[in-house]
Every structure is written in structure tokens, then in C-alpha cells.
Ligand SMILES: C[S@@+](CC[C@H](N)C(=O)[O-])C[C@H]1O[C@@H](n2cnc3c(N)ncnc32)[C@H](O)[C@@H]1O
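In the block that follows, a single chain appears as C-alpha cells, in the form predicted on its own.
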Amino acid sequence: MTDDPARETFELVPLAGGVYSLRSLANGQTFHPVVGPAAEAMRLHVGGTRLLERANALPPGRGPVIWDVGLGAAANALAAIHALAAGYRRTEDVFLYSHDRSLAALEFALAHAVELDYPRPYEPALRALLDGGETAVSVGCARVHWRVVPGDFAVADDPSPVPPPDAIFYDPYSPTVNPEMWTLELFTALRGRLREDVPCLLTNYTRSTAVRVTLLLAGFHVGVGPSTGEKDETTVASNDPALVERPLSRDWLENKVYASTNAAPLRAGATGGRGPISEGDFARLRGHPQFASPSRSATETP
């Protein structure tokens, strides 16, 4: 994000297939490039967390909790609401917490709802969210209680009374533009916010070896996520290994990570660029429970 996110401005960008997205004029990054906001959000985050399947299978008396980290133009949050409206069969309410430092992208999306299309069915909810920081949307026999959690997620304290999540849509700007959102220190703190009795699945658009190494060293189990756009794979991470359907394998660790010239974990305040992983960090990875015994194979695209 920019140093002053309130001043961030955007422009519409035409994509293939006649859909539009938006681009930050401050840093040149396009939201949900190639396939567009609605398609990428549904495939990567809703599909990648298996949101409907897992929400419908929760124990009685508790509805799903979603952390939407990087509200942006609300494509991920609205994809979740759209999917729940179509297939959530429970009466327990859903709780959706969107984290962001600025609502500028959401304001832009609402002003251009016709061109972007995906916000159009939810314009009243988006206006309520902008006006008061929270809203509610009906999904079948339940409601989604949607709240904005303002501030810098990278330096936020434990967000109690925000409950621990079942799913995290992790979608900040890239490490090049927003490095503080990708550090070992942040992911370690995030892992500490999760409860062991609440299995959580995190989805993200990256396929970076360095980011995957960082997540593993933070204590997550990490695997290959769904393809989207020009990427034939993305990344998922969880506090529960049973949720990771395609975990990164020991072959990935021994060959891809050890041989890479850019596999060092991302640490706060690091200077001089990234490089190969150190012997100490590699030893820590080899001791991770994910690699303690032979597992299902999953590969990574270079």
C-alpha cells in the first residue's frame, strides 16, 4: 500500500473477455488481473478454501468466520456472499471481517459498479459498509454479518473480540509493493491468532518459493492451491494438515528450495534483496512436521 492510503487513486482496466478490473495509480498493480475480479475471487478464495463444503459441515450452533485480509474493491468478500447465498444450507449466521487500511478502492468500485458488474447486486450493502463500517446480507435462512476492521493488519494487535477464522482470504498487494504484509514476523503472529480447535484454510495468489518457505517457518502447513489466470497454481496454508489436499512434498523441499537462488524467508527490515536459504533455516524446514514422513506429492511451478 501507499504511505498515505487515503490518497490512493484508481483507474478502470479492460481485461480479456470484456470484463473490467481496477488498477492502482500509486503502484501500478491491477486487482485480479487476467480473468477479472469475480472469476478469480470465486476460484481462488471461495473454491480454494472449500468455503461452502466446510461451512455446511460445521458443528451445529456455529456459523463460519471469514477473515478477508485486503478488502480492496470487495471482490473476494462479495464472491463469498454470492456463493453462500447460492448454497449455504444452515441457519447459523456467517461472520465476515474485512481488513484494510483504506476504503478508497471500495469507493471506486461502487462508483463504477456498472462497468465492474460484480458489485451491482450488492450496492445497498456496500453503501452501508462505507457509511457505517458494517452491514448484513441475507443468505438463505441465515445472514452474513459483514464488518470492516480498519487499520494496518501488519501491525495490528490480536483483533479480539474478532473470533478466530475458518477461512482467510489473504489478498494484499504483492511483496514488492507491500513487503510488511509478507514477513515471517507477520505470518508467525497470524499463525498464533488461530485456534487449534478451529481448523483454518488460508488462500493466496502467490506461487513464490520464498513466500511458501516463510509460511512454513511461521508454523503453517502449506500446499498447492488452485490455478487462476496465468498461474497454474497458487498457495494454501493451514493450521490443520488435514485441510491441505496437495501439500508441498519433501522432494519440493530437497530439490526446489535447496537449489533456489531466491528461497530465503521474508523477514521484516531485511535489506539487500533475497537470496538462497540459509543452512539454519533449511534445517528448520526439514524439521517441520509436514516433511517428517513421506507424503502426497505436490509440485511447484518455477
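All figures in this text were calculated on a predicted structure; none of them were measured in a lab. Don't overthink the numbering: it's just position in the shown sequence, from 1.
There is another form of the same protein, the form predicted together with the named molecule; it is not shown, and what comes next is about it.
Comparing 187-195, 144-152, 224-232, 85-93 against the named molecule in the model of the complex, the single stretch with non-hydrogen atoms within 4.5 angstroms of it is 144-152. Interface residue among 80, 215, 73, 202 relative to the named molecule in the model of the complex, by the heavy atom within 4.5 Å criterion: 73. The closest heavy atom approach of residue 119 to the named molecule in the model of the complex falls outside 4.5 Å. Heavy atoms of residue 115 never reach within 4.5 Å of the named molecule in the model of the complex, leaving it off the interface. In the model of the complex, no heavy atom of residue 167 sits within 4.5 Å of the named molecule. None of the heavy atoms of residue 137 is located within 4.5 Å of the named molecule in the model of the complex.
Contact here is defined as any heavy atom lying within 4.5 Å of the named molecule in the model of the complex, and by that definition each of 32, 173 and 180 is a contact residue.
Interface residues of 193-213, taken as those with a heavy atom within 4.5 Å of the named molecule in the model of the complex (partner not displayed), are absent.
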